[in-house]
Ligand code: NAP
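In structure tokens, one chain follows: the form predicted on its own.
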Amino acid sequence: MGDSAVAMRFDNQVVLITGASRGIGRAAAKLFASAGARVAVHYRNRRDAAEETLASLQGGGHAVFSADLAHERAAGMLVEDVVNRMRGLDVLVNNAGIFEYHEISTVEFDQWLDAWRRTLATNLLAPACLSYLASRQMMKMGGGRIVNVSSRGAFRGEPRAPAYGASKAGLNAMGQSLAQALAPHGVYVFTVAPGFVDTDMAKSSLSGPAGDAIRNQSPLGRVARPEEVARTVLFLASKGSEFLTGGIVDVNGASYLRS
């Protein structure tokens, strides 16, 4: 038990969590901070929410960082800013993402293309840029961890938001490729694939007429709490999980099963 307790500590480690102003990102920030990490709380435009996250964190040495990750240069500046201000980077959690409906039978072509561009820029290209820059820093420091937050939509499809499903499938594949490329350098890459989570992103669906049907997709009769996904992120980022590198962990309450 003692070894396990030590393994789940992140003392003196810097953890960058994108999209940490709410939802899964906020829950992960709280858990990492309670385990001794110094957390870089990233947000895009909700500074008030990011400051609320910051105020909720145990310990000290945390900070907030703003960046619109849909722009590649912003991703580069974010990593550089975190490394300079916090003196390192040990764990990157690629959590920020967007979800937009763009049903092929109803939208015009320009709307379709815009949705694909925005979604891929935020959900796939941004994690790719951040992972590149973070891993280069981690290699210099002797190793690190990258945890990507994906979705069951990568496997089951997203007919009303196909760019979202595609972006998450790409994120899965990227994580597997980077796990192979970076393991010799002591950098380990993992992916978490939740189903519906009780967050602001899912609020309209969960509170609408389809809410009960969504909850009943799981035999538990509910959707995941952000803390449940965050605990899996924390475990994967912790010491002792190295041989799970390249793995994709489903956190969907048996609402979608694959083998």
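A residue's number is simply how far along the shown sequence it sits, counting from 1. Here the structure is a predicted model, which is why all the values come from computation and not from measurement.
The next section is about a form of this same protein that is not shown, the form predicted together with this ligand.
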* To do: Tell me, yes or no, whether Gly144 is in contact with this ligand in the model of the complex, where a contact means a heavy atom of each within 4.5 Å.
  => no
* Asked: Does this ligand get within 4.5 angstroms of any non-hydrogen atom of Glu52 in the model of the complex?
  -> no
* Heavy atoms within 4.5 Å of this ligand in the model of the complex: does Asp212 have any? -> no
* Answer with yes or no whether Thr199 is in contact with this ligand in the model of the complex, where contact means some heavy atom within 4.5 Å. => yes
* Residues in which of 80 to 88, 134 to 142, 93 to 101, 175 to 183 have heavy atoms within 4.5 Å of this ligand in the model of the complex? -> 93 to 101
* Asked: in the model of the complex, does each residue in the set Arg9, Thr191 and Gly246 place a non-hydrogen atom within 4.5 angstroms of this ligand?
  -> no
* To do: Could you check which residue among Ala70, Val64, Ala35, Leu57 gets a heavy atom within 4.5 Å of this ligand in the model of the complex?
  => Ala70
* Taking heavy atoms and a 4.5 Å limit, what residues of 45 to 64 are near this ligand in the model of the complex? -> Asn45, Arg46
